[in-house]
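As structure tokens, one chain now follows by itself in the form predicted alone.
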């Protein structure tokens, strides 16, 4: 399909045609015409163009036309060798931060940036002096001079891919750095690298011809186009074609590479080329210090700290909650409230330099805050915990087929062989209502619709026997119909497997329909917890009420402006003293702005953190 797209473009047709012609001449030129290119004819020294010698002869009477054709092979081979050196060295340097660690990688990146600042011709001449004259020295010089540019490109591409969810999952699963690079990163940056290499080959060809022209490249008796241009320079005023013909060959070959690169770029869709400020009187102790009986997940005083520019950023500040077997708990709040960071901490997917702390974080009987065997924990989480991310296109590796990606879960965590794992992958695709699962398992993620990819993500979670499913905004990018299907599928999976559900969403309506309980988060804290059925009627926190009011329903007055929450969410590095919502709350007073309200539980078990909440019977106090 992509090959057809290349050929259908005029640029691609011209480029491929020229490139095929150049390759054919390079392959067969020395075989067909080497004898006529090397025969000495003393009767026709420095002869002009004629019927016998189309562009004349050199100072030994050798036919220049055939010498240009024969020189194609050496010129192209040396240009491709130099390009290969640039690519290999560029990939090694560009991937250094990922392979060697941040400190060594930072030094290498700094050195690459310095080299990129130098003009390429100066680098070529510098390396040519070091490696000496000759074809080998010139190939090394041109290759090394082109490496910094490829290293910069590769570093940018690798940095963009290395933060994707499927790469993070591979790291958490214990996959080594080199395997992550060659299996998950490089296949996804190969296309732009190939396109840029094709376009760079034309420039490399010109650089090589220039070195030979200056006498630093190919040496006699060998000859390339640059060497022929040098030989024809002395008689350029008498026989200009002797110098112009090899120069024209350089232009045509370079044009072939550049046009092909432009066409490939279009076909692949590539564009032109301090200490936390605690509130006065805030509770610092918690009564919930033991795991909740019967809970598949029990979290007490969870804190997630990220490194900041000037001071640590406390993304999650003392979150406490529990989820029972088979229960569905929703988490709502604006962006930046700590919902996803809480889920990642629960799933043990937060790496250094971020820091996760808690009094306890018990999942399926194992406290994840207690150091243990990494391999055992990896298998425990890999089989008992499923995660459905917001954008499955970043969770699936686009360079691999769906079936093998699902099968990898069973091979890594359950020890199944390849055939058995693939069979289970097909079965799981069938379980999530994907039609023709055998055929779909052989397809790539881009061949799935958004809803199908989300179903496949759920199927990946079902490769094990999950006791908890974490769904992080699973329906955000889907239309209403597909959203309903995915939510119904999650409900069906819960019913069939007995798994609990932690659903993160911005949509209050979705959480109300799907979940049993709701946790409302703001500025890294839980500010309210109550049954989902009571979210619209019994909410006590002003922030919860504002979230509910911001969602229109069938009774919304269309003649009045839609309700909005005034102000902007709190910037996590700058959480104010007192109630974080005070600046946006119409009920806030000086006491709210000075004292951070503790999270209080009433007789019904509902919790709220607000000085202005309606008075209820309070039985206990917990930090959240």
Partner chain sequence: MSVLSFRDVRVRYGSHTVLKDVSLEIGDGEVVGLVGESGSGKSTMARAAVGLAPVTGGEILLDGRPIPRRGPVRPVQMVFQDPYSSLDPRMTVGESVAEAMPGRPGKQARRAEITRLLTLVHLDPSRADDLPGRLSGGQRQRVALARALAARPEVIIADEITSSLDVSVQGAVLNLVRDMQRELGLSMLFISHNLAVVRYVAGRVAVMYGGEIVEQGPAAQVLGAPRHEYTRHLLAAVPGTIPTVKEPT
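Everything numeric here is computed off the predicted structure, so don't read it as measured data. Basically, rigid core = biggest C-alpha set you can superpose within 1.5 Å across the two forms. Residue numbers count along the first chain shown, from 1.
One more form of this protein should be noted, the form predicted together with its partner chain, which is absent from this view; the next part is about it.
Its partner chain in the predicted complex reached by all of 586, 599 and 613, non-hydrogen atom within 4.5 Å: Checked in the predicted complex: no contact with its partner chain for any of the three.
Partner-contacting position among 159, 80, 416, 170 - heavy atom within 4.5 Å of its partner chain in the predicted complex: Flagged contact: 170.
One residue of 467, 545, 430, 184 in contact with its partner chain, assessed in the predicted complex (non-hydrogen atom, 4.5 angstroms): Spelling it out, the residue with a heavy atom inside the cut-off is 184.
Stretch in contact in the predicted complex with its partner chain, which is absent here, among 515-523, 86-94, 297-305, 313-321 (heavy atoms within 4.5 Å): Among the listed stretches, the partner-contacting one is 515-523.
Close approach of residue 164 to its partner chain in the predicted complex, 4.5 Å, heavy atom: Taking the distances in the predicted complex, the answer for residue 164 is yes, it comes within 4.5 Å of its partner chain.
Residue 565: touches its partner chain in the predicted complex, heavy atom cutoff 4.5 angstroms: Contact with its partner chain, yes.
Residue contact check: residue 495 to its partner chain in the predicted complex, 4.5 Å heavy atom: Close contact exists here: in the predicted complex, residue 495 approaches its partner chain to within 4.5 Å, heavy atoms only.
In the predicted complex, residue 38 touching its partner chain (heavy atom, 4.5 Å): Outside the cut-off, so no.
Sequence-ordered residues of 547-571 touching its partner chain in the predicted complex, heavy atom within 4.5 Å: Residues within 4.5 Å: 547, 550, 551, 552, 553, 554, 555, 556, 557, 558, 559, 560, 561, 562, 564, 565, 568, 569.
Rigid core superposition, residue 382 Cα moves 2 angstroms or more between this form and the one not shown: Where the cores coincide, residue 382 shows only a C-alpha shift between this form and the one not shown that is less than 2 Å.
Is_shifted residue 549 between this form and the one not shown (CA, 2 Å cut-off, rigid core): No; residue 549 is a residue whose C-alpha shifts by less than 2 Å between this form and the one not shown when the cores are overlaid.
Core fit, then residue 495 C-alpha moves 2 Å or more between this form and the one not shown: It does not, since the residue 495 C-alpha is displaced less than 2 Å between this form and the one not shown after the core fit.
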